[in-house]
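Next up is one chain by itself, shown in structure tokens, the form predicted on its own.
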Amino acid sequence: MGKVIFNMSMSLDGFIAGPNDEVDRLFAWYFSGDTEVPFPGSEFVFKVSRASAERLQEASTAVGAIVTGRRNFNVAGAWGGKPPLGVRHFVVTHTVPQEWAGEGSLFTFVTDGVASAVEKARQTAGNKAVAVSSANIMRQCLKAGLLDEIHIDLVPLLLGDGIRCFDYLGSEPIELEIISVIEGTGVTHLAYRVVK
């Protein structure tokens, strides 16, 4: 089975989105370089530094399934039916939106919790990684001991307000080991292993 990995762009003061879910300044690094990187499963083409391009290409080919939350699914407008990376998305939710459920859909709606969603995603991903793409789901995975790695694309920005990445983790420290630090243009890519 592959690893369970969280990856998110984050401001230096710990925000992953502004107060109204805006991410434009946090994602500016996707267009700050001269190396084109097609984003699998979409029509997007990023222009990043060579170092960021290598990291993005490696990360995108390593993912076999994604676990996300219903709020992220809704804010993203279900990605217009074309979810990131073109891989199956397991959406943790209380109610299933019937318009997105059904044969041929890349969305599987999981109503029995994050552990079940991660297990289903792992079965789908096989030896590839399961990516966690929402801060709330990441926090649930951390608390349940399900998360193996945390990858942060650290943007040199003090956003000041918005949605924090690491709120509500509790009072127990969570130890991490550094895997890598890669400097890109307008971003530093940090990767950590969760010590269990």
Ligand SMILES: NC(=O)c1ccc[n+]([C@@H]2O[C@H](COP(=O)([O-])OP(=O)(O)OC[C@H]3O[C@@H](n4cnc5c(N)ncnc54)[C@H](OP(=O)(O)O)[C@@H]3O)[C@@H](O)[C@H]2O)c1
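Since this is a predicted model, take the numbers as computed values, not measurements. Residues carry their position along the shown sequence, with the first being 1.
Same protein, other form: the form predicted together with the named molecule, not shown, and the subject of what follows.
Against the named molecule in the predicted complex, the set 129, 150 and 176 makes no contact: no member has a heavy atom within 4.5 Å. The stretch that touches the named molecule in the predicted complex, counting heavy atoms within 4.5 Å, is 129 to 137, out of 31 to 39, 58 to 66, 129 to 137, 44 to 52. Comment: the named molecule is not present in this chain, but in the predicted complex one of 102, 77, 86, 113 has a heavy atom within 4.5 Å of it, namely 113. None of the heavy atoms of residue 182 is located within 4.5 Å of the named molecule in the predicted complex. Although the partner is absent here, residue 124 sits far enough away that none of its heavy atoms falls within 4.5 Å of the named molecule in the predicted complex. Of the heavy atoms in residue 13, none are within 4.5 Å of the named molecule in the predicted complex. Put simply, residue 141 is far from the named molecule in the predicted complex: not one heavy atom of it is within 4.5 Å. Heavy atoms closer than or equal to 4.5 Å to the named molecule in the predicted complex belong, across 9 to 46, to the residues 9, 16, 17, 21, 23, 26, 27, ordered by sequence position.
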